[in-house]
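Taking the form predicted on its own, here's one chain by itself in structure tokens.
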């Protein structure tokens, strides 16, 4: 085995995930493994939680198991951690190139043990940080579906998981003393700080993966026909017409054979009503309404038709016509002011979907234009004119290796 001048085995890397539960560590780990595999780099994930659940099952749903003062729980978790470290080391010694230790690893003591265990290998620590309460709450609700929480009510499972997090917080020490580390805002794919003292194998690829939005299959759908659509009115919270309901049911049948674990909608009735028939034909699907995907707020023009605006507020009508992207409705929004919140909604959807093969967003015309422009380059002046029909949907693939945009009919 070839050894570098620093004493580390060349082209062998142990990536150590760090962070509190529900911060996106496993999603980042899977993303790294999948992308490294595309470059024919042998990579494997060693997940402490999966091993723990195989050994103890539901026993580990109790928060007391994670109490640092619980000696029996500490010994078992230490044994599980050492078992995974040993497996990771054997993987690297037998031809593997990158081993990812997927666990909280929040204490400096645990990380020192890992450094000692892999003292002849390159080590890169990646800390995942996300303090968005809404995202955390939704993420926990998804995690408590795991078999280890079977038998607990949703409220008790939530309480148990939050108590588990508080125990980890009590021993949490952020990265800073380690030689090679990245502290990552895992919601926004933004590196907060980094220190790379050694020549870490594959680091340029890894860093690029960490900061790039990636989606395998995003199905971007506009809500079905509403009563306001028939009257050419904007904004409001109109319900679907009977035709809109038929459109939603047709979508449900079209996607029935695809596994859609998450449907992200706005908080408006028309998007949720479009998502509900799709959810009913899925074996396990969660509708997640996000206010970031609400339609453009047209301020003083809410619920008016374009014809009414032209006659009653000609100054608004013609000013907006002059520069549709940058115009902001009095008391409302414009495309230009929507960008930040829609981008935030996309980040939330990608984070919560956890790297799922398929995700769906049911949005509105203006919002869907902004989502498309996030993935597909358009001059700002052209964004308000992107075609967003109600009888077709966009299929988007956006990874480091592939870009795909298709407009497809579903009827």
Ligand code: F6P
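If you're wondering where the values come from, they're calculated on a predicted model, not measured in any experiment. Residue numbers count along the first chain shown, from 1.
Below: the form predicted in complex with the named molecule, not depicted.
Using a 4.5 Å cut on heavy atoms, which of 268, 77, 222, 183 is close to the named molecule in the predicted complex?
When the named molecule is considered in the predicted complex, the option within 4.5 Å is 222.
Go through 365, 53, 378, 44 and name the one with a heavy atom inside 4.5 Å of the named molecule in the predicted complex.
Here the answer is residue option 365.
Thinking of 320, 324 and 384 as one candidate spot, does the named molecule come within 4.5 Å of a heavy atom in every one of them in the predicted complex?
Heavy-atom distance to the named molecule in the predicted complex: all three under 4.5 Å.
Find out whether any non-hydrogen atom of residue 217 is located within 4.5 angstroms of the named molecule in the predicted complex, and reply yes or no.
Residue 217 lies outside the contact set for the named molecule.
With the cut-off set at 4.5 Å between non-hydrogen atoms, does residue 127 touch the named molecule in the predicted complex?
So residue 127 does not count as contacting the named molecule.
Since only the chain is shown here, I'm wondering whether residue 229 would be in contact with the named molecule in the predicted complex (any heavy atom pair within 4.5 Å).
Flag for residue 229 set to yes.
Indicate whether the named molecule has at least one heavy atom within 4.5 Å of a heavy atom of residue 292 in the predicted complex.
No, residue 292 sits far enough from the named molecule in the predicted complex that none of its heavy atoms falls within 4.5 Å.
At 4.5 Å between heavy atoms, only one of the stretches 207-215, 230-238, 143-151, 260-268 reaches the named molecule in the predicted complex; which one is it?
Flagged stretch: 230-238.
Can you name the residues of 277-310 that have a non-hydrogen atom within 4.5 angstroms of the named molecule in the predicted complex?
The stretch touches the partner through 295, 296, 306.
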